[in-house]
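Below you will find one chain, with nothing else, as structure tokens; this is the form predicted on its own, and questions on how it binds or moves follow later.
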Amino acid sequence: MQMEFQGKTVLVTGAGKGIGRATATMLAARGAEVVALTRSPSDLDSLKAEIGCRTIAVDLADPAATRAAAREAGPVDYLVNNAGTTALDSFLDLTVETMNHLLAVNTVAPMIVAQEYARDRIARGLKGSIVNVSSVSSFIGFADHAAYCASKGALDAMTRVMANELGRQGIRVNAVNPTVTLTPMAVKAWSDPAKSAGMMNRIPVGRFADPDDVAEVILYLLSDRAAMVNGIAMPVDGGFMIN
């Protein structure tokens, strides 16, 4: 397992921070050539210095730029759609602009990148694997997260359709659904101790996730070890969903 991705190329979106960076680093350590795609050039520069990856800077809220970046990134053997963003608004205060922005980054961008990846694999008669990084927010109606929950719920639904259609072409598609993971985005959303304590109390293992906890599951689902796993939304939540 240590070098199971030797000779493979993996595109990771949102690779600059958090789960994406942990995934890119773990993939490189296990032999993969990583293509890192994210918005911040400085994050890409530091990641390239760390693991020697190819880098592409793009604003995933821009669909045309996203498609161009996905084409530039290819061809790759595997895809991790990790990039995401959030916003904290009560439902009554949520604007159309915020909703559209989160859908663009969290749902439409993964669609576009996966289309380009899958078209290339199918055209060349090759199998593949996609992991979409979702959230337990796709299952739970967290207050002040209407746009985020909606975007991740849509991502899960799209994952199931992708798994159905692309699985018939030899491309498996799965989602991972982490609980609060200690990333910069999570710190923003869960910095209030009163709010975070309530969430923590629902996690039987007694802690939030680390990015590496999620990256390990992503790598498993990408790999041939998960050859019969297709179309799942896999909670990585320490048991949160059983409460």
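Keep in mind it's a predicted model, so treat the numbers as computed, not measured. Sequential numbering from 1, following the sequence displayed.
Quick note: we don't show the form predicted together with a small molecule, though the next part is all about it.
Residues E4, T25 and V80 are none of them found to lie within 4.5 Å of the small molecule in the model of the complex, as judged by heavy atom distances.
Proximity of N174 to the small molecule in the model of the complex falls outside the 4.5 Å heavy atom cutoff. Heavy atoms of T98 never reach within 4.5 Å of the small molecule in the model of the complex, leaving it off the interface.
By the criterion of a heavy atom within 4.5 Å, V76 is excluded from the residues contacting the small molecule in the model of the complex. Of the heavy atoms in I51, none are within 4.5 Å of the small molecule in the model of the complex. Annotated contact segment (heavy atom within 4.5 Å of the small molecule in the model of the complex): 126 to 134, selected among 126 to 134, 90 to 98, 162 to 170, 112 to 120.
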